[in-house]
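First, one chain by itself in structure tokens, the form predicted on its own.
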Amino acid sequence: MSFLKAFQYKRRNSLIHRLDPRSKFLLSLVLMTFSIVFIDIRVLIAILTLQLFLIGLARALKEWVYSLRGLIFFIIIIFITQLLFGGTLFMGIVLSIRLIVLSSSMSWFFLSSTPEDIGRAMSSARFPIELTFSFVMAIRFIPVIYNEFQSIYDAQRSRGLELEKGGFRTKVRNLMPILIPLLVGTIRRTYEIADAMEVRAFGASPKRTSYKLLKFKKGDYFLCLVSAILASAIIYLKIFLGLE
């Protein structure tokens, strides 16, 4: 569950936090496109360096590094797959970097954008209010689920449940006393939220207002310019230089 740390908003007074979520999301999409289109290690390292710079500006390097623990299992799978099916160690390293770049493309966005601002950005883009609300609530549930998982995990260990011992099947079986209470608690919260929405007549009026309106600033226009330059670089590297 540690990978959820990469999607948990941290309130800080940084340059990245003050930017409009729409400009940050645009750059995140461009960075994600790089990780999908290219497999060249030079391009991936360059994009990863840019992502680390953005995460550093957001002062969220600690959370980003902690979230990488959740990718260790998938990185191991990548190396095993490469070794079993005729791949090379170098290709395993490249694919692992590609996975990190892909996961980091959106993590800096979620680490520096409040769920409320993300909801306002989706509303300004004319997304249906039901979809916007569902997405914002899903983001809000991430830290709640993570904290509850950690609490249940610690409680079961204090009762003598050995989660680290045994083979793969044993470890999966030992997770049941954690996952079942977590699932029950999540469903209970869902019903409570549904009742609260019904009491407040959610969706009764098609016209909705917001006390805070999003507005582009100089930094947002600069970020859009960087996104446009990087998008042009994708076309140039892929079509004219033929990089894979």
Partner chain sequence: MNAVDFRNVSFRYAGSEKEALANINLKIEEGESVLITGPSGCGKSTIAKIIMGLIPHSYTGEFSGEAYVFGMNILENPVSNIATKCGIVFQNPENQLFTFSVEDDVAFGPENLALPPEEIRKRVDESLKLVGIEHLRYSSPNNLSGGEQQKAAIASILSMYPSLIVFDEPTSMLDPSSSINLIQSIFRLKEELEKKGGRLTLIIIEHRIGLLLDHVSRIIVISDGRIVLDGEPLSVLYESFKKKIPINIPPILQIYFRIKDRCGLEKPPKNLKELFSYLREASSEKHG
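Rigid core here is just the name for the largest C-alpha set that superposes within 1.5 Å across the two forms. Numbering follows the first chain given and starts at 1. The structure presented is a predicted model; accordingly, all values stated were derived computationally and were not measured.
A second form of this protein, the form predicted in complex with its partner chain, is not displayed here; the remarks below concern that form.
Checking Leu29, Leu52, Ala196, Ile45 for any heavy atom within 4.5 Å of its partner chain in the model of the complex turns up a single hit: Ala196.
The shortest heavy atom separation between Thr88 and its partner chain in the model of the complex exceeds 4.5 Å. A residue is said to contact a partner when one of its heavy atoms sits within 4.5 Å of a partner heavy atom; Pro128 fails this definition for its partner chain in the model of the complex, lying far away. Contact check for Lys207: a heavy atom falls within 4.5 Å of its partner chain in the model of the complex.
Although the partner is absent here, Phe79 lies well away from its partner chain in the model of the complex, with no heavy atom inside 4.5 Å. This chain is displayed without its partner chain, yet in the model of the complex the stretch 142-150 from 80-88, 142-150, 67-75, 96-104 comes within 4.5 Å of it by heavy atoms. Annotation for Ile152: C-alpha shift of 2 angstroms or more between the shown form and the other one, rigid core superposed.
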